[in-house]
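Shown next as structure tokens: one chain only, the form predicted on its own.
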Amino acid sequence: MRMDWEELQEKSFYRSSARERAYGIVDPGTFREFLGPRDKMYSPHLVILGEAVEFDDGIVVGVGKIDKHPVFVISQEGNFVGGALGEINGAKMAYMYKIALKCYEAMKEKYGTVPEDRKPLVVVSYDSGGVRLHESNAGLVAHSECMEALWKLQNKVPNISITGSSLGAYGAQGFVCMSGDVVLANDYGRIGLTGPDVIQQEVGKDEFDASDRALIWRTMGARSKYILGDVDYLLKDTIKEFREKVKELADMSMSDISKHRHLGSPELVEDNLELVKIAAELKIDDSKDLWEYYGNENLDELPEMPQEEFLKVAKRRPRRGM
């Protein structure tokens, strides 16, 4: 598939397809897709149910380079079955984690240590509502395989999560997203373990109105997640902005990258429980209450102000080690 790499750099990340994001995040001409549409790896479960299929099963995976760094790319397509995880696309995702680790181990065996300027990294562009209901058991198994492989990468291969496409990262994929070493987002990014409609269904409209878009964005949106420390870097909406940040992170040491982590240690569990404790003690009704607790003013203006101005004035939750 031929793409103009220079044009991709200026394209909106939010409006780009999974394949465009994958090609544009690495150096020009270096991306090689694994199990692409020509291989016709599609879901057998959707066929049985009479549902439409895609020959890449809604996910693009492959490897490229940024300078000397091998970059293993996973890019989800939200326009197919809501980007949800199933048996095939989940296996492709887990496979990429596993070969990234094999690359690390092969380099360590060859050089004795993995050179910082050549260390591999994983970049995942999330665009998913969670696990497919059509094949929930198979999707959950794939999710568990991803998590197992992901923990094996910890402190070895940097794992960079990106949310900034049409759906964000929800359900099981929200958990995988937050398990990355670093989380990047544009203003369209969203992260949540449970989607708005499911929350309303379970607790009622008075508790959470899924039709209130402003409520959704200030609860699950990237700006709120940035203030609360779940999003590490809030970026402009171009592929180039994400690529440049990934390039910057690739040149950081693994120990410095690991300082961004949100999950994966008893200390981080305590850090996150502290936020839960604050929310309970203050009887928080709205994310804006937490924004105010961390020193923010003009709460109604924060979601709408230009991003550059927001980044200058937003006060963030202090995070351990940062």
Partner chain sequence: MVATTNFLGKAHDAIEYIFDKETFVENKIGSTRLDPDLAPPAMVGEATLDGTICTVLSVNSRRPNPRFRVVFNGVMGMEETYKFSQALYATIDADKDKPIDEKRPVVLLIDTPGNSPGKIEEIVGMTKGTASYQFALMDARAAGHPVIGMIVGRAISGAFLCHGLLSDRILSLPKDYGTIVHVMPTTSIAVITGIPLERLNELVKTNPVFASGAEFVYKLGTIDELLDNPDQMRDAIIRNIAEVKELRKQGREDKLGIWNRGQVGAERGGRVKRIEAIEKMEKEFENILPDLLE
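Numbering follows the first chain given and starts at 1. Since the model is a prediction, treat every value here as computed from it, not as a measurement.
Form predicted together with the partner chain: not shown, discussed below.
Peer 1: Does any part of F72 reach within 4.5 Å of the partner chain in the predicted complex? Heavy atoms only, please.
Peer 2: Flag for F72 set to yes.
Peer 1: Mark H260 yes when one of its heavy atoms lies within 4.5 Å of a heavy atom of the partner chain in the predicted complex, and no otherwise.
Peer 2: The answer is no: H260 has no heavy atom within 4.5 Å of the partner chain.
Peer 1: I'd like to check something about W217: if you look in the predicted complex, is any of its heavy atoms closer than or equal to 4.5 Å to a heavy atom of the partner chain?
Peer 2: Answer no; every heavy atom of W217 is more than 4.5 Å from the partner chain in the predicted complex.
Peer 1: Answer yes if any heavy atom of G129 is within 4.5 Å of a heavy atom of the partner chain in the predicted complex; otherwise answer no.
Peer 2: No - in the predicted complex, heavy atoms of G129 and the partner chain never come within 4.5 Å of each other.
Peer 1: Quick one: find which of 160-168, 177-185, 240-248, 121-129 has residues within 4.5 Å of the partner chain in the predicted complex by heavy atom distance.
Peer 2: Only one stretch qualifies here: 177-185.
Peer 1: Give a yes or no on whether each residue among K65, V141 and E202 has a heavy atom within 4.5 Å of the partner chain in the predicted complex.
Peer 2: So, yes: the whole triplet contacts the partner chain.
Peer 1: Across 263-288, which residues bring a heavy atom to within 4.5 Å of the partner chain in the predicted complex?
Peer 2: Residues within 4.5 Å: L263, G264, S265, P266, V269, E270, N272, L273, L275, V276, K277, A279, A280, I284, D285, D286, S287.
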